[in-house]
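Only one chain is given next, in structure tokens, and it is the form predicted alone.
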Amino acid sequence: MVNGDVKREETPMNSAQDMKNRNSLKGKIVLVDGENRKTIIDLMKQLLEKKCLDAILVPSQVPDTDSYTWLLVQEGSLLDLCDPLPPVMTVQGGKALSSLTKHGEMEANIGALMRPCEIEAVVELHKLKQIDLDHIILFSIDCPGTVPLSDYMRDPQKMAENFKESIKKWGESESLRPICQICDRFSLFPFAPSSPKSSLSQGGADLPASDIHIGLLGGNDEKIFLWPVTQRGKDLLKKLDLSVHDNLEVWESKVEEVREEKLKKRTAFHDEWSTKIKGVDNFAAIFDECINCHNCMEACPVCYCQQCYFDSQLLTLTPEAYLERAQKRGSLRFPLDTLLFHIGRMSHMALSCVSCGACEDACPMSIPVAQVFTAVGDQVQDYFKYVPGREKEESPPLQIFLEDEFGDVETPGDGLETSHGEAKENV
């Protein structure tokens, strides 16, 4: 399992000094009108009014309730109900967008405003042919995290207030989900580029799929920072008569400052969890209280199979089969094969896990599913030097073969012709 040596070095900007050695990003600094939320919503309204977009997919609070959902909005006035940063993640944005696009091509241009981990999930689903991004304009936003869904359901008003405080402290709050407290991809800027040949200032093919990023850090509720990541993003801002010549160094510096602290927490997290899940017994004990409800699978944006093996007839046993198993083992635990389910799901999606925490929110038994999957996922991703959601055109590692991979585990002599006698002995 995890050995605690996982590194998060997907970008060349790992310190404040690195930032000084390159040109700052250029974008648009927008003065806040009342509050950040209103300023962002007004921007979305302008995009609809000027026919830049046909509709926008955005989180919204359900009227007269404390619940949140996703709305596909075409009427600008309805955007007043929306909240770019809700305190909870009820449905992962990648899952919502997939349901909109996976069953056919669209003619309309749709905007989608999401947290960075949701954007990452969108990119992974695009690679897996579950999302068509041809007519999707993606807006990402700096994210302090969310509060646990179970805590919010118990006391919505208190947790909503705690969330507002966490925005002021930017993630430094025990009220946030554990997985959010160690998230170092809370913004888009330090997430790219993956290649030294790329230029952040110019944009590039290997930048994340977001077209426009909305920066909040460093704005002190007085201004927000718009970074047009792609040419489509620049074209949109141009249609709104927003020039992109402002220096975004204040935002960049604050993001990097917060990220360095997050990386320290993530390192401590790996040190802790490498012990917690070391060995079969410890790993199995984490899932002792699992009731096999499969909520984690249903909530996960990357688990997209229409017919999952674990919900198939292959695992529907007759009474005689149950008795036969019980006889062979001496006893039979119910529900059946809970550990097999988690290991199987992990083997399928650990490389694409974006640490969004949706699985942990969905667990009725409060099992730290997201923390386990993040601990394992980070290490697996590090083995392949793969960052989920980083590049739209980057193939998932298990879809391609590279001759120079895993050379440190090759057997001396690999690639040489095997003698008949040795081959027969190996069989």
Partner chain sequence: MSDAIKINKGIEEAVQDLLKSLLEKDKIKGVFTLRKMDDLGAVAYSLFTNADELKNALPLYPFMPVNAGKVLSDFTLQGATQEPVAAVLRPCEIRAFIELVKRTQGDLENILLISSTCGGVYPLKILKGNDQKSRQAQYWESVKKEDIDPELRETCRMCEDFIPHNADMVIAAAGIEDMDTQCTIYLNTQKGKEFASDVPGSKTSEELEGGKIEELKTKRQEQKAKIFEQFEKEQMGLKSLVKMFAPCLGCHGCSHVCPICYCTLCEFDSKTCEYRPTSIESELKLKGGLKVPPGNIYFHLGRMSHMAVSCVSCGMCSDVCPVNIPVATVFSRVGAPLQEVFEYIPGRDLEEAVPSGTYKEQEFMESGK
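In this text the structure is predicted, and so the values were computed from the model without any measurement. Positions refer to the first chain, counted from 1.
What comes next is about the form predicted in complex with its partner chain, which does not appear here.
Only one segment in the set 115-123, 174-182, 330-338, 263-271 has residues whose heavy atoms sit within 4.5 Å of its partner chain in the model of the complex; it is 330-338. Though its partner chain is absent from this view, in the model of the complex it lies within 4.5 Å of a heavy atom of just one residue from 29, 55, 376, 44, which is 55. For the residues 280, 343, 240, 293, the 4.5 Å heavy atom test against its partner chain in the model of the complex is passed only by 293. At a distance threshold of 4.5 angstroms between non-hydrogen atoms, residue 65 is in contact with its partner chain in the model of the complex.
In the model of the complex, its partner chain lies farther than 4.5 Å from every heavy atom of residue 245. Put simply, residue 69 is close to its partner chain in the model of the complex: some heavy atom of it is within 4.5 Å.
Proximity of residue 365 to its partner chain in the model of the complex falls within the 4.5 Å heavy atom cutoff.
Shown without its partner, the chain has 90, 91, 96, 99, 100, 102, 103, 104, 105, 106, 107, 108 in segment 86-114 as residues with a non-hydrogen atom within 4.5 angstroms of its partner chain in the model of the complex.
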